[in-house]
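Single chain ahead, by itself, as structure tokens, in the form predicted alone.
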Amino acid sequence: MPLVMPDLRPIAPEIVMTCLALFILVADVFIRRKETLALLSVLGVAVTAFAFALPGVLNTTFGGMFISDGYSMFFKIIFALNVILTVLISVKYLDVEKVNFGEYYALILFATLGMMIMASAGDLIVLYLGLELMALSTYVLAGFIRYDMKSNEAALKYFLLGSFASAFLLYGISLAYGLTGTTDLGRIAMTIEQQGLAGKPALTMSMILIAVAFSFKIAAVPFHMWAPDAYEGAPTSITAFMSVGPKAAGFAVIGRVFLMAFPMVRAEWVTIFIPIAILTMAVGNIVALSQTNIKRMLAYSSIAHAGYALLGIITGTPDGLASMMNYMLIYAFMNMGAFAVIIMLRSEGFKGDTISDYEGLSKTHPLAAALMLVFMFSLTGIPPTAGFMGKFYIFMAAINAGYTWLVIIAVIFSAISAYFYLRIVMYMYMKDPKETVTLTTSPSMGLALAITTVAVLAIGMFPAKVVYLARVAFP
């Protein structure tokens, strides 16, 4: 029987990203100026983005195990933006922390490759391979400041709890395989319908275990325990990277797996996700009120935003899924922008990671304060920022699907969040500075802040185009 070569066009972006990561890893040996590696990484990711538009790329390959469609491409654009913005805010920061090593950029690219595989996985085994590639790379990045005990602690906690999450996922996959005889998402749905497996305890347990695993990845309560310590201890640029990339990948997989493999038992998995969403919004917003470290505060903020985004999954409608995708894109811009301002305050002898460090910032550095104001308003959901539009569309999708009561709960917790976000604004504009802070700036940092600020304001005022792109990307 002749060997049939699989169509490689659908995996063109992944091939380019793999070659880029390996090239950066080898080039590190020969290139002494690590800023050059940063530039090569940004250019390489831009080339990868062009590969998204190759003719025939929207297809499946390897017998349906890998799916390249509008849904996966939308998330891959988020991953590409996440890499570019992370690299731009990292260049000067790595010098300040004295950890300017070339493998930093290679690990970011390998982690992103894992995310891309996750978003396109049409099979549970492929999904797991992508997850582990992303997770192992991120564990190392979390502990990248090797001389800092907090960074080491962050990596260790993330690794240990991540290992448990992987075990839950594998157990859930094994139960699904035992029931249906396949790990292909489409065939799982077909078998459940044909053999009448809906309501079987083993199938319910499989969905619970898979939901637990990915609730860990998106830092949903009660599987969020790793996030505050990991966010605080990791290098700030990696905290920004972790808060966007792995979270978006987790949502991509939740949407793909539960709507593609388990559509016949939607009532059961919605029952799993509703209490998780409520707890996530509650714990994220309430615990953030007492935080004095801004990275921990943004960690709990990230938890709360995962709760809002889960509403899009719970609706189970095309509009709900599109609103979740739109929310992930908006969250990437506003969260990366906030962390970029935090990194600017980091200098020799000054960490800039406590809320009190922002006292009087508007008097010493008015532009930095104005940028932080925009990002805090967007995270709160105040118009005309993108954050408001993101919440508006996701809440409307939930209302249209009959979850008005759930939206009321979300609005209440969103109102609570205004306190800890606007507290930063109050410190910047209504207090006098204790000391003069020297900002750590660079052209790449300025470019990252320009991109994020323009995006937050432009999407807030003209959201229709982004919402349309998310809607047409839905499979």
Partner chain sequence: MLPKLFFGWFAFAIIALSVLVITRRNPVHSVMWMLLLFFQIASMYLFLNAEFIAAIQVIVYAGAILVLFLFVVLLLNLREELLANRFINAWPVGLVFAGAIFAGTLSAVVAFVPNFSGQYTVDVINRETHTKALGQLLYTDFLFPFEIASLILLIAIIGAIVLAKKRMRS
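Positions refer to the first chain, counted from 1. Only a predicted model underlies this, so the values are computations on that prediction, with no experimental measurement involved.
Below, we refer to the form predicted in complex with its partner chain, which is not included among the displayed structures.
Peer 1: Of these, 359, 353, 268, 132, which has a heavy atom no more than 4.5 Å from its partner chain in the predicted bound form?
Peer 2: None of the other options qualify; the answer is 132.
Peer 1: Given that its partner chain is left out here, which of 100, 166, 317, 293 has a heavy atom within 4.5 Å of it in the predicted bound form?
Peer 2: So the residue touching its partner chain in the predicted bound form, by this definition, is 100.
Peer 1: Within 4.5 Å of its partner chain in the predicted bound form - does that hold for a heavy atom of every one of 22, 126 and 144?
Peer 2: Every listed residue reaches its partner chain in the predicted bound form, so yes.
Peer 1: Taking its partner chain as it sits in the predicted bound form, is residue 117 in contact with it (heavy atom to heavy atom, 4.5 Å or less)?
Peer 2: Close contact exists here: in the predicted bound form, residue 117 approaches its partner chain to within 4.5 Å, heavy atoms only.
Peer 1: Heavy atom to heavy atom, is residue 429 within 4.5 Å of its partner chain in the predicted bound form?
Peer 2: Result no; residue 429 lies far from its partner chain in the predicted bound form.
Peer 1: Using the partner position in the predicted bound form, report whether residue 62 sits within 4.5 Å of its partner chain, counting heavy atoms only.
Peer 2: Output for residue 62 is yes: heavy atoms within 4.5 Å of its partner chain.
Peer 1: Is residue 113 a contact residue for its partner chain in the predicted bound form, using a 4.5 Å heavy atom cut-off?
Peer 2: Because a heavy atom of residue 113 falls inside 4.5 Å of its partner chain in the predicted bound form, the answer is yes.
Peer 1: Which one of these stretches, 82-90, 307-315, 243-251, 104-112, sits within 4.5 Å of its partner chain in the predicted bound form when only heavy atoms are counted?
Peer 2: Partner-contacting stretch among the options: 104-112.
Peer 1: Since the partner is left out here, which residues of 164-187 would have a heavy atom within 4.5 Å of its partner chain in the predicted bound form?
Peer 2: Heavy-atom contacts to its partner chain in the predicted bound form: 168, 171, 175, 178, 179, 180, 181.
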